[in-house]
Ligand code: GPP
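Below, in structure tokens: the form predicted alone, a single chain.
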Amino acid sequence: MNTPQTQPRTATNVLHNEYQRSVADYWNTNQNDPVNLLLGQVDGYYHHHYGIGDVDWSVLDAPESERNDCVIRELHRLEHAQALFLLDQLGDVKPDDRLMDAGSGRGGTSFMANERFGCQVDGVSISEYQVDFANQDAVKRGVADKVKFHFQNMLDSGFETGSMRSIWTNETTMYVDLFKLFAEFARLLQDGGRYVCITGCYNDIMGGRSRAVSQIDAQYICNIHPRSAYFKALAANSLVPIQVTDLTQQTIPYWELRAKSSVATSVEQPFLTAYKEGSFHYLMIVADRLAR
């Protein structure tokens, strides 16, 4: 597998500014976040995103000694369902193709992609902790020759032009400039290659960020983009949307269950408020790269 490095990747040349350093520090130091760790321990797939689908509310009726475990498993099932839905959109991927997981976290969806398609998968993260965790997991799974995780910046990946059949971002675009990001993806994708994005975005038809959206920004040190910005940035970079799916109603049950769980934090209510008032949308955008 080709590697993207022409010089050693260090924090100095991977992290471009103070904001990126603060984001990397957030993920490097939140190593024991139970939302990610407890759910990942259910079956070994560690996700850093949220869930979709109908909740089995009977988990709340389980005996007290079993209830927490049942809720954790149900939350993980919903997150796993979201990742499966994303993979369904990647197109006709062949075993000799190459995929990129931009903002790969601890690697859950990258492993799922390799299992489904049998192809190479390169995960990218600015968190050195996440990269080390995921690479160790790849070794344990026996797929380190096919699934690799890189400490690098998805705005400047270093991979070869036209080397990727498909690229996805799963709740990671709110940390970067969309025009720069999609320019890099347009460079990396083959002609006709597929990009899939699942993201939260604020509804700029209603104006600027609502109070609830601003609270989410503050919690995760991110900069949630307006919905319109995605389509402007895609159009500017030869990426043509072929499908847009509003997942907002499908993700609300996940947040309602999480609010009743042992892993609840202070962020569940802002998410629920923003979704229900219409100031925040949970979208999936599928786009293909125009021929050069």
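Note that residue numbering follows the sequence shown and begins at 1. This is a predicted model, so every value here is computed, not measured.
This next part talks about the form predicted together with the named molecule, which is not shown.
Novice: Heavy atoms within 4.5 Å of the named molecule in the model of the complex: which of the stretches 96-104, 174-182, 119-127, 146-154 has them?
Specialist: It is the stretch 174-182.
Novice: Taking heavy atoms only, is Tyr220 within 4.5 angstroms of the named molecule in the model of the complex?
Specialist: Yes.
Novice: Though only this chain appears here, would Ile216 touch the named molecule in the model of the complex if you measure heavy atom gaps against 4.5 Å?
Specialist: So Ile216 counts as contacting the named molecule.
Novice: Looking at the partner-bound form in the model of the complex, is Ala229 within 4.5 Å of the named molecule by any heavy atom?
Specialist: So Ala229 does not count as contacting the named molecule.
Novice: Answer for Gly200 alone: is it within 4.5 Å of the named molecule in the model of the complex, judged on heavy atom distances?
Specialist: Gly200: contacts the named molecule in the model of the complex.
Novice: Has each of Tyr45, Ser110 and Leu247 got a heavy atom lying within 4.5 angstroms of the named molecule in the model of the complex?
Specialist: Heavy-atom distance to the named molecule in the model of the complex: none of the three under 4.5 Å.
Novice: Heavy atom within 4.5 Å of the named molecule in the model of the complex: which residues of 230-262 qualify?
Specialist: Contacting residue: only Arg258.
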